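Only one chain is given next, in structure tokens, and it is the form predicted alone.
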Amino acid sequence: MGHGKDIKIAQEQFTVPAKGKKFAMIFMAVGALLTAVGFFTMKSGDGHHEATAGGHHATEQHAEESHAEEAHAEESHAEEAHAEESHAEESHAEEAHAEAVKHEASHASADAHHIEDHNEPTEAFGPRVKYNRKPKSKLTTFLTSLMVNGYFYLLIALAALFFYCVQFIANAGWATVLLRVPLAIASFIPYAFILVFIAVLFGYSDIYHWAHYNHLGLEKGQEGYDKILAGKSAFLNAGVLLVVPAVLVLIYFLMGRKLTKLSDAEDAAEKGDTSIFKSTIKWSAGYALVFGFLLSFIAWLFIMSVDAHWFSTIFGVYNFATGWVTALSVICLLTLFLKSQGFLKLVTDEHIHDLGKFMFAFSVFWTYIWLSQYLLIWYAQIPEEMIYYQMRFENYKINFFFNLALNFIFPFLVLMTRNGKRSRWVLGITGSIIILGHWHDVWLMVNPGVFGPGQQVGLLDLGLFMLIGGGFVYVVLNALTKRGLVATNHPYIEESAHHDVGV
């Protein structure tokens, strides 16, 4: 359905307005101030956890953790760990504190329940995990926050490039008038990865407890030997952690560079020449294939291995959903900003409406993946899977439900109406909340596993979010100046200019 009038297709050359530069600089300055205040006022007492349980896997986890305790903590903790390992043979009261006696008695009950009723999803089922807070240095806290924020912006940049590629693969015409926006967002890929790499390079031994375990070099039969971590050692080691993601992101970056060059070449080509368009489809399909299958490796290594005894078969999809809906929100906000500055004249309320529908739909998709992962683990009650949600539900209950409210309840209620998806003010506010909500989502994936209970979002976290966010805005706006905002020679530019959702 068309608009019923002729629309002139004209190139637009973007220059960064003073308002855009000022916003980026203020955002970075405030972020730097909050980061400094947060760093120098924090206490070096964030958590490191010790797991104690009555089941088979949890006993192995406890053995590894208690061995680390012997190297780093006082003798009383080592005695308590020994009580855990021998509780099936000896009296609880002889080796542990009164609190540990009560805790281990509940394990015996849980084990009995496990035998009698294997799959009943009750809280008493399976091993329970006790987390003790241990000191973490300020540097470790800073590097953990740097990894969270760098990874968050990396997901956005990678998913934005995926959005660009999907339009070519699907032969979609509606988004042609705004294709230069996600292409500019993708320019932040190398910067985001460098931040993550720095954090992991200098902090992996403290962020990932499997790194310390590997350093111990324990053999089977030795005290502290962990069957689960030993079985994952071929995958969870410093070489794989540093090399595999670097290679994958380099591939993403090079493919993004190729797609950018094809976009520039299309602008310079003769009108009606579709050879570059066809090449772009091939490269887009290649990126989508590599991105879709290999993003999981980055998520597994950087994020899921923080809780090394835990695993989820859909964790990669969950991370994709987080990055995808956030990228859609960033694309929408950037498009609205360009419109407010007088650019992207071909973008109409119909295009904005479609972006709103995408934000609505994939907020629901994220929730579907979130709920699927949670319900499968809750129902199956597999010990090495339960510990992930036990920590977050019992010790981060406010964050747990706040995460759901920000990322599903609010966008669902606001964007479910047609007017909500067409209002620029509503989309601006909702998009900002979605971005903040999924940043909190990534924070919740990482921090409980690194620090144990009691960690909360602080000034340092918010400061780095703003500091890197300001740099993100600056880089993306400058990327938009390097080519025209309109793909004037794209074969679907006319279709996109006349786009109408029909409702």
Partner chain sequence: MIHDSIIRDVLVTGNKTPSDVTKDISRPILNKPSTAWKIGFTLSLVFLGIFALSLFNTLWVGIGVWNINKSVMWGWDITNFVWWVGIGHAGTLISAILLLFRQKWRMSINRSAEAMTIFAVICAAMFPVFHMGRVWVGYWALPLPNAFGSLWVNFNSPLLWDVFAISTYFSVSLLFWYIGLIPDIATIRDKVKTKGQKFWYNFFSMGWTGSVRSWARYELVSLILAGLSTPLVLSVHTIVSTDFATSVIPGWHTTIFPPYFVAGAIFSGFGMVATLLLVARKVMNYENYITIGHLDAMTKIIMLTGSLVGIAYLTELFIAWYSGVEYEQYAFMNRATGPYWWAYWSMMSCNVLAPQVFWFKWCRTTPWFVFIMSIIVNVGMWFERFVIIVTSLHRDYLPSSWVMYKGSLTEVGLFLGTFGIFFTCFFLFAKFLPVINMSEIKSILKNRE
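These numbers come from a predicted model, not from an experiment. Residue numbers count along the first chain shown, from 1.
Absent from the display: the form predicted together with its partner chain. The rest refers to it.
- Message: I'd like to know if L139 sits close to its partner chain in the model of the complex, meaning any non-hydrogen atom pair within 4.5 angstroms.
- Response: No, no contact at 4.5 Å.
- Message: Within 4.5 Å, heavy atoms only: does T313 come near its partner chain in the model of the complex?
- Response: Yes, T313 sits close enough to its partner chain in the model of the complex that at least one of its heavy atoms falls within 4.5 Å.
- Query: According to a 4.5 angstroms non-hydrogen atom cut-off, is F358 in contact with its partner chain in the model of the complex?
  - Reply: F358: contacts its partner chain in the model of the complex.
- Message: Under a 4.5 Å heavy atom criterion, is G342 part of the interface with its partner chain in the model of the complex?
- Response: Contact with its partner chain, no.
- Message: At 4.5 Å by heavy atoms, is each residue in F188, D206 and F337 next to its partner chain in the model of the complex?
- Response: Checked in the model of the complex: no contact with its partner chain for any of the three.
- Which listed residue (F410, F197, F235, F253) meets the criterion of a heavy atom within 4.5 Å of its partner chain in the model of the complex? Residue within 4.5 Å of the partner: F235.
- Message: Counting any non-hydrogen atom inside 4.5 Å, which residue from A265, A211, L218, L376 sits next to its partner chain in the model of the complex?
- Response: Of the listed residues, the single hit is L376.
- Item | One stretch from 141-149, 218-226, 242-250, 361-369 that, in the model of the complex, holds residues within 4.5 Å of its partner chain by heavy atom | Careful reading of the contacts points to 361-369.
- Message: With the partner left out here, which residues of 265-281 have a non-hydrogen atom within 4.5 Å of its partner chain in the model of the complex?
- Response: Residues within 4.5 Å: T274, F277.
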